[in-house]
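Here are two versions of the same chain, shown separately as structure tokens and labelled structure 1 and structure 2.
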Structure 1
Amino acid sequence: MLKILFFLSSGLFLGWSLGANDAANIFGTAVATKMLKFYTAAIICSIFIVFGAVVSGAGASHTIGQLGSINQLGGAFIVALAAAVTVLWMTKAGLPVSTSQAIVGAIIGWNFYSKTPTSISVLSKIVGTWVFSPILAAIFAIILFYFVKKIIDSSKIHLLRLDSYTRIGLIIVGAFGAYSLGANNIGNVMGVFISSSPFKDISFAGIIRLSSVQQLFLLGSIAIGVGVFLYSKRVMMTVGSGIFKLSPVTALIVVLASSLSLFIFASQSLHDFLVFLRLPPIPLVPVSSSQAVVGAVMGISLAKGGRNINFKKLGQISIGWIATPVASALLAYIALFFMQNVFMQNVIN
């Protein structure tokens, strides 16, 4: 059991860092502008991340599984660790890093090491989604911006009442954002452990059944929750008052737009519905919440007439699409070699 926990620890660490960084994308402005107390935000965020991960985490995780089926716990440990270290490095370098890109790179590293062919069609589907998700978030943000502006302008709502509605909106949209984050990103944290999951299905009084995968997701999402509670406050203050200075209403739009983007790439029901309508289904892929937020902020800048567009930030995102997976793949490859040959642990079956 201790050995299992040790091997899972890298995934939990990745979860912790995801919680520390990405909760700020959802509640950063609300907390930094004092619209919500940090603990209110942290509680809502953690509960809904767990909820999203356990209920709706399977779809995006499945795509990660298709990219590389890591069949040894030792291998999964190294892959998650390589991704976590890459995220940590890139965060220190001040880049809008994506856990999704780090884990995909690390899986490709494992594929190279284990001489497993990487499915180009799955990889292109994933990379295409990375590019598309900030664009989609920007489109959502533009539509929402005009919609909200029209409502505010025509309703003649009092500043104070708008403030109280915005607070309620930030809580509801934040909960939805946390749910979407959990559903979309749990695959990054725990996806690599699915094939080698040590858990058995359990049932509570025959009412609640938790599959082995759901137990993994529960554990991973709790780690994300711990990250939210212990470390996200500082990041929230930076996001909320540093890089993007948003008003509470625009923050609401940004969070909703980016959450919708995350939700679309995680919702199995939406996927099935589109298939039912004989429309092309949206791929279920873990995407970067930070980049979706940047996309949404850019969308608002465009809607306001294209001023203040941060081209440097756009450039950093594009670099991240390549640099993050490459760095993570290299790190995974080297670490797998050491794990196998120095620590004598099996990393492939």
Structure 2
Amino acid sequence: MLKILFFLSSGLFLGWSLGANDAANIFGTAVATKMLKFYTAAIICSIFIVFGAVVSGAGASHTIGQLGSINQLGGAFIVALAAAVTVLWMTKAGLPVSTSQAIVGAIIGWNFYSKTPTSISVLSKIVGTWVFSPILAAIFAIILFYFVKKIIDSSKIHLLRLDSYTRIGLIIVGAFGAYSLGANNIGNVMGVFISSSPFKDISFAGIIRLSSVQQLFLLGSIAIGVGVFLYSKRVMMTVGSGIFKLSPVTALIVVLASSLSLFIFASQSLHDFLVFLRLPPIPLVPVSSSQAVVGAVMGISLAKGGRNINFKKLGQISIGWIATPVASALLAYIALFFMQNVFMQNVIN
């Protein structure tokens, strides 16, 4: 049992890193605009991340499994550890990087080490969402901006009442965003352990049933919540005010737009509904919440004329996105060699 917990520790570390970094994408704008206190945001974020992961996390995780089916706990441990270290490194630099990119890079590193062919079709699907997700979030943000602006201008609502409504809206939309983050990104945290999961299905009083995968997701989502509390504030300030100065209302729009983008790529129900209508389904892929929120912020800036964008900060974030999968792949490859040849632990079945 201790050996199992040790191997799972890297997944929990990755969950902690995701919480430290990606929670900024949900509540960073609200905290930076002082509409919500940090600890209020952290509590709401943690609770709904757990719900999203356990209830709706299975869909997007399958795509990660198709990219590389890691069938030894030792290999899964190294892959998750390489991704976690990469995300932590970027987090310490204050950059909102993509956990999706980190875990994909680490899996490709494992594929190279194990001489397992990487599915180009699956990889292209994942990389395609990295491009499409921020564009979709930007489109949502532009549409929502003009819609909300029209409502505010026509209703002539008092500023104090608008402030109160915005704060309530940030809480509701933030909860939805946290749920979407848990559903979409828990596959990044625990997806590599699914093939070698040590847990058995359990039920409580014949009413609540937790599958082996759901138990993994529960552990991973709790680790994400711990990361939210302990280390996410700095990245929240980067996202919330580093790229483009947001008002409380535009902060609400950014959270909703990015959350919708995350939800679409994690919703099994939406996927099945489109299949039922014989329409092209949206792929169930763990997308980057960092890219989605940056896309939404850029959408707001474009809707307001494209002025006052901090291109230096945006450039730093873009470099982080490029460096993340490369660094994670190299780190995973090197660490797998040491795990197999120095610590004499099997990383390949």
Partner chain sequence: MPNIFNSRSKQLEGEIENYLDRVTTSGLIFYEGVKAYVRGNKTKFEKNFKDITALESEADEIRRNIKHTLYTFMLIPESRGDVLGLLETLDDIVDICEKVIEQFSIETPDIPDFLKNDFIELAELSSKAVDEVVKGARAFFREISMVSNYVNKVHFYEQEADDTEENLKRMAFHRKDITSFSHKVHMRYFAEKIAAVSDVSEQVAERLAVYAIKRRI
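Sequence positions of structure 1, starting at 1, serve as the residue numbers. If you're wondering where the values come from, they're calculated on a predicted model, not measured in any experiment. Here, rigid core means the biggest group of C-alpha atoms that superpose within 1.5 Å across both forms.
As for origin, structure 2 is the form predicted on its own and structure 1 is not. Core-superposed comparison between structure 1 and structure 2: the CA of Gly295 stays below a 2 Å shift.
Residue displacement note: Thr33 has its CA displaced by at least 2 Å between structure 1 and structure 2 (rigid core superposed). Annotation: Cα of Ile282 displaced by less than 2 Å between structure 1 and structure 2, core superposition. Taking the rigid core as reference, the CA displacement of Trp321 between structure 1 and structure 2 comes to 4.9 Å.
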